[in-house]
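Consider the single chain below, provided in structure tokens and representing the form predicted on its own.
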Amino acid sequence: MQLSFAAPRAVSSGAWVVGAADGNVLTPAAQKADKASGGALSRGLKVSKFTGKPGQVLEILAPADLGVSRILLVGLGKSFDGSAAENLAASINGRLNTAGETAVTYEIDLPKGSKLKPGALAAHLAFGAQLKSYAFNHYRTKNLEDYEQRLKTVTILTGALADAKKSWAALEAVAAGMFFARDLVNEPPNVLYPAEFAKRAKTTLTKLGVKVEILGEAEMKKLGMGSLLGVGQGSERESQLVVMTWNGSRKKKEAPVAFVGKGVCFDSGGLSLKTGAGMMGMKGDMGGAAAVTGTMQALAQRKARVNAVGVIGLVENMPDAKAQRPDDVVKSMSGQTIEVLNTDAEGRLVLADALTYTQRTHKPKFVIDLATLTGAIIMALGPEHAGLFSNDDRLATRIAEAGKAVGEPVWRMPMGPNYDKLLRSKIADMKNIGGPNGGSITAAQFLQRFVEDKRPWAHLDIAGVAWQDGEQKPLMPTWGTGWGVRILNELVEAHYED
């Protein structure tokens, strides 16, 4: 899709999108379109239920002598922000693509009282249009016309061109990171296994100035990563640990922020085998690793003034004869021992060693891990919120504020010593499951045992948001969503750049 910004001018091709505030208050661009169409919008308003509320659309076919194919009047409501602009452009682009339109021009004026600046408005419209353009059609060979993106050209008219282009440069980097994360989640597991994931991360990020180091099983064994390696020992694919370092701060010795991702490229459950239905979709059990990798791309591409490290543990959890068994005991890099009672509670075993490595090697300001960790969080929060667990109120508040700002909401869940007691093992330092109740909480309690030196830490359980089946949302495609890139980027931008 070709996306561009231009100064306000006459529109002579494709669809023309203008706005009206609540109460059918036509914006200047809408008045311009009404006049150009010989009053067609005004006549349409008289016979429609359109009132200018958000989500409403009045579409008319343009007069033949106007040049444009159709005019769409969209409701802006009483106030209008960046999130509303993104959803508007995504919804309209989806509508026009279905209709077979090939070009669209947005000329949206802000309603009175909006705090959004014109340049930011244009950038957020572009961001919504860009996110809606995503498609994963790599493996289709038939009926390609049914999946073709017919909408090829998007133009956004604005009187603040310089500001729009500056704002868009940062958002474009975030979109690129989200697309990378979506691609990783959508790839089939016979194509994207640990070594291939690691290769793609290195190829993509090295070009942007990110240092990427890949540790194989031999290096991890020397480091004592028995917890992570135990998960992958039933697979013929070698496990990997990928370390991505971006040094963008002007203070080169500044401690980095750190993100850790669970990267189970396929989760069969191991010897605690999942059901057939439960196994479908488990190619996406590396959504946390995908989000971390996409975030590192976004930070590097927009040249964020921060030192950041991303660490992802990449494994396959398979039921081979060499696979670890329920009742096995493994020793983690931290020195703590773990009784593995359920091999399908494997993500926390991967994260345990990745967390230890990240803290001991990079001494970060804080560490945030992301993982499609538990079905329990889906039961609790559904597909609308990620679960947030943390040992630090300030970090938790900042994450929640970042999520609200960019439309990736989180809900903070409780933790405490009584939950932690559920992890007591009869023969080891801990067991890897806490019983049938509070599964997402006991998983977080397990991870907290690997947080060292009272370091601020947060865990995001993204099992309900990393992929979406069913009804498609304007900004999210069916399946891989790229959730996590926006919230982490916003957190860094708002609080940790110099």
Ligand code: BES
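This is a predicted model, so every value here is computed, not measured. We number the residues from 1 along the sequence you see.
Absent from the display: the form predicted in complex with the ligand. The rest refers to it.
Would Thr374 count as a contact of the ligand in the predicted complex, using a 4.5 angstroms cut-off between non-hydrogen atoms?
Within the cut-off, so yes.
Does the ligand get within 4.5 angstroms of any non-hydrogen atom of Ile433 in the predicted complex?
-> Yes.
Q.
Although the partner isn't part of this model, could you tell me whether Arg348 comes within 4.5 Å of the ligand in the predicted complex, counting any heavy atom of the residue?
A. Yes - in the predicted complex, heavy atoms of Arg348 and the ligand come within 4.5 Å of each other.
Indicate whether Lys274 is a 4.5 Å heavy atom neighbour of the ligand in the predicted complex. Taking the distances in the predicted complex, the answer for Lys274 is yes, it comes within 4.5 Å of the ligand.
Which residue among Ile441, Ala463, Ala33, Ala458 has a heavy atom within 4.5 angstroms of the ligand in the predicted complex? Of the candidates Ile441, Ala463, Ala33, Ala458, Ala463 is the one lying within 4.5 Å of the ligand in the predicted complex.
### Message
Can you work out which of Asn342, Gln149, Thr206, Thr153 has a heavy atom no more than 4.5 Å from the ligand in the predicted complex?
### Response
Of the candidates Asn342, Gln149, Thr206, Thr153, Asn342 is the one lying within 4.5 Å of the ligand in the predicted complex.
- Query: Quick one: which of 302 to 310, 278 to 286, 190 to 198, 392 to 400 gets within 4.5 Å of the ligand in the predicted complex, going by heavy atoms?
  - Reply: Stretch 278 to 286 is the one.
field: Trp246, Asp369 and Val492 all contacting the ligand in the predicted complex, non-hydrogen atom within 4.5 Å
entry: Spot residues vs the ligand: no contact at all.
Worksheet item: in the predicted complex, which residues of 248 to 269 put a heavy atom within 4.5 Å of the ligand?
Response: Residues within 4.5 Å: Lys262, Asp267.
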